[in-house]
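Before any questions on how it binds or moves, here is one chain, the form predicted alone, in structure tokens.
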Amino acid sequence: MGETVLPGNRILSVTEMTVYIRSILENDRLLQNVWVRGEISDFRYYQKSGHMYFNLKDETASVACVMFRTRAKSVDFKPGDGLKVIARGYISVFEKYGRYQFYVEEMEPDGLGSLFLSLAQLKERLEKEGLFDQRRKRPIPRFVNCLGVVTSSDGAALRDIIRVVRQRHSGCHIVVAPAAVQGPEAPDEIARSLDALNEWGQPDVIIVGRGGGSLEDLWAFNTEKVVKAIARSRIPVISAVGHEIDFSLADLAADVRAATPTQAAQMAVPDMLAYQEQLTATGLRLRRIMERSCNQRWAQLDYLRERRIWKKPQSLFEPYRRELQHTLQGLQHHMMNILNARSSSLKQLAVTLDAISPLKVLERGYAIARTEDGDVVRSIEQVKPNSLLNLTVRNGEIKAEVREIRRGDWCDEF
């Protein structure tokens, strides 16, 4: 029996339908960042993979949940069946079984659920504003001579800070800007004190914090007013809120987090006694180095003073003087050889030049004929009958007139 497909409808495969449902869920903005409150049931933790699988349920419904290893590592309590929690994550479809799942990214115990939820939302918003960016963190100055403190004026935290600073750096000036550290008025007072110290501008660093307490006691340091006051401070801020296990948004905004107020004081001011001891040790070490260096130089000077050069300084130059004399004699001998050779060559050239001199030719009875213009006659074409010639002989000149011109038979050979 065949199937009937209605017009305009389409038969989907299971995969296509599941993918389509997943796309609907993943495109719903609410379901991609949602907080859910419920009770954990059927909790399973796989040690090898580090993943957590469980259900969140209430009186009438249940949803399958998974928290992968990278997110599960941030859980700072031990989940288990029957524990009520609030969780943040997103909804998607596990295609293999065709069911939707809640993929958990954060999880906190319920009971303080509203506080945790508001804290997480504020943390997310301030983080997007860049208030927790590590690139804006500033180093604490190495030497602090004026310390600002924002805390309760009658709290143990202030006494601990003063005690440690006096032990480490008795010359450090401590300026306390008192503020309530818990209660509804605390955020405003803490922010005002931070702003006042910045307006004054004298402290090299500011400590802000208080001693330990419950989450509600420390809540002022999780407020937007305090976080933004710390972030806008031009002076570096050390946050010291509660004990080591306590953590607040003020810690994220501060330039440095201290586990306790005592540690904050240790971070803020240098241990001048330790520096003094180090300076003394360095001075002694430098003195020993200088003494050793001076002794070595004196020993070298004594050695040099005993050398023969100081008693007979001319001995230093004697080898060079002899070498210079020998070199000078060699140069003189070489120059004489060159001059003699050039003189002999010049005499030979003079003899050769004299042999080919025109005067020698004239002495043998020859004459040089020149036209009236002074040109030497080399061919009969240069003269004409009745023209005058000047004949140069050995001892004078003869003026002659051309009577006849004859071509010699011997000229044909050339």
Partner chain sequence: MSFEQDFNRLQEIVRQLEEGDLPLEKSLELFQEGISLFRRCQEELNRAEGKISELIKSLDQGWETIPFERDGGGREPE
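If you're wondering where the values come from, they're calculated on a predicted model, not measured in any experiment. Residue numbers count along the first chain shown, from 1.
Separately, the form predicted in complex with its partner chain exists; it is not shown, and the next lines address it.
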Look up in the model of the complex whether residue 96 has a non-hydrogen atom within 4.5 angstroms of its partner chain, and give yes or no. no
Check whether residue 307 has any heavy atom within 4.5 Å of a heavy atom of its partner chain in the model of the complex, and answer yes or no. no
Contact with its partner chain in the model of the complex for residue 302, defined as at least one heavy atom pair within 4.5 Å: yes or no? no
Mark residue 252 yes when one of its heavy atoms lies within 4.5 Å of a heavy atom of its partner chain in the model of the complex, and no otherwise. no
In the model of the complex, which of the stretches 252-260, 87-95, 183-191, 160-168 has residues with heavy atoms within 4.5 Å of its partner chain? 160-168
Answer option from 298, 317, 200, 100, heavy atom within 4.5 Å of its partner chain in the model of the complex: 200
Among the candidates 128, 312, 78, 142, the residue which, in the model of the complex, approaches its partner chain to within 4.5 Å (heavy atoms): 142
